[in-house]
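The data below hold one chain only, encoded as structure tokens and taken in the form predicted on its own.
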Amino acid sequence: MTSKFVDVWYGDILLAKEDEPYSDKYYWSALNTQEREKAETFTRQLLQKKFIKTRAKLKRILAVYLQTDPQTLVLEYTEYGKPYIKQDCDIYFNLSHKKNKFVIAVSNIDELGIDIELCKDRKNMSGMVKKCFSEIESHFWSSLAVEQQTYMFYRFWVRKEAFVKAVGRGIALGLNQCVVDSNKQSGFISIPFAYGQPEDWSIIDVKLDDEDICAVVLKTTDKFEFKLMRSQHNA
């Protein structure tokens, strides 16, 4: 029986010129015709470069697991926008990016999601808590010291985002419908009925740096191996 694994790749989307080990052609060569056509629709050069490099890094990473040419990989989307590999395989992934950082979760567990956020103050944080947190979570957050609230807001947020991405519904599902256990914070105490029991799901808090908050959520009760890998110079 194949052992379960979850690998998280992370890095910068765009590198300083002196740190970039590959040419633009290297990234472009990983894209298929449809992806190249999409890249050509970007009118802002910065956004175009980010799209090309993010998609190329993703496909080159996936190609290692599938032992294939990245250009032959076809990525499609579910009804609610969750990406998946069109070819029949037992490799699944999820992607998130914020500013110049990206994270990619790769696993042989099909229901998984990942989210990354930049930890920074925001004026409407209390309003976001009221709208997107459950009553239990809101009470816990309000009880924290002011200097802890920003960090914990994002810590709860990425877990919730990762869950709604794992089930393929996105925030339209309602972030307040998945309730993080405020005591142990490694699981949920409540999720929508359609997605099983809270104990069926696991949360992995991914430590990147002091500014980036990241979490992976996956549906499994089996043991799995977790690895964190920086992809700056190898994908």
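These numbers come from a predicted model, not from an experiment. In this text, residue numbers run from 1 along the sequence as written.
The protein also exists as the form predicted together with a small molecule; that form is not presented, and the subsequent description refers to it.
- Shown alone, this chain has one stretch from 64-72, 170-178, 205-213, 192-200 that lies within 4.5 Å of the small molecule in the predicted complex by heavy atoms: 170-178.
- Between the options D88, D121, E147, E79, the residue in contact with the small molecule in the predicted complex by a heavy atom within 4.5 angstroms is E79.
- A residue is said to contact a partner when one of its heavy atoms sits within 4.5 Å of a partner heavy atom; S107 fails this definition for the small molecule in the predicted complex, lying far away.
- In the predicted complex, the small molecule sits within 4.5 Å of a heavy atom of R55.
- For the chain shown alone, R155 is not a contact residue for the small molecule in the predicted complex, no non-hydrogen atom being within 4.5 angstroms.
- Though the partner is left out of this view, E161 does reach within 4.5 Å of the small molecule in the predicted complex, counting heavy atoms only.
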